[in-house]
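In the block that follows, a single chain appears as structure tokens, in the form predicted on its own.
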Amino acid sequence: MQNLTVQSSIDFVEVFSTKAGAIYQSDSENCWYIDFAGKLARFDYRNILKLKKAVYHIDIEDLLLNNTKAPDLEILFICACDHCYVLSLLEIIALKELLQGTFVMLELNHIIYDRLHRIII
């Protein structure tokens, strides 16, 4: 894991990263930072779940097989959030991979925490 500092008082820890980006957790601010598509965006947990839902609802297969001359871009806008992403199909796939890896790491962390506490008790 990699520790980064944005300001002198804000520390965050890398949860998951790929070549396309990374997701960091800040315990001091109770939020998440997503470093993707050239920007560092701050999300609370509720909004990161909304982003995950929006990305998972994009039908990538349909967009790839669609023969129309429509651009292969998607605009992701999350309500109650200041961030908007305009992504190509490859960027959508990369963001989906990043979010999947992050939530797998969170689940793994929960499983390890649960197992360790069962051993202690």
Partner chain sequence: MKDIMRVKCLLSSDVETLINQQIKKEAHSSAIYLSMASWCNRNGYDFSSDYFFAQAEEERQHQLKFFKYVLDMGGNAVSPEITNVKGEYNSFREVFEEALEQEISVTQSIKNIAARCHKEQDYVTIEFLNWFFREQREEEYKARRALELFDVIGEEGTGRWQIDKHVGQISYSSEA
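Residue numbers count along the first chain shown, from 1. Note that this is a predicted model, so its numbers are computed, not measured.
If you look for the form predicted together with the partner chain, you will not find it shown, but the lines that follow are about it.
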Is Phe36 close to the partner chain in the predicted bound form, meaning a heavy atom pair under 4.5 Å apart or at it?
no
4.5 Å heavy atom contact, Trp32 and the partner chain in the predicted bound form:
yes
Heavy atoms within 4.5 Å of the partner chain in the predicted bound form: does Val15 have any?
yes
Although the partner chain is absent from this view, report whether His110 comes within 4.5 Å of it in the predicted bound form, heavy atoms only.
yes
Interface segment, criterion being heavy atoms within 4.5 Å of the partner chain in the predicted bound form, picked from 79-87, 42-50, 62-70, 92-100:
42-50
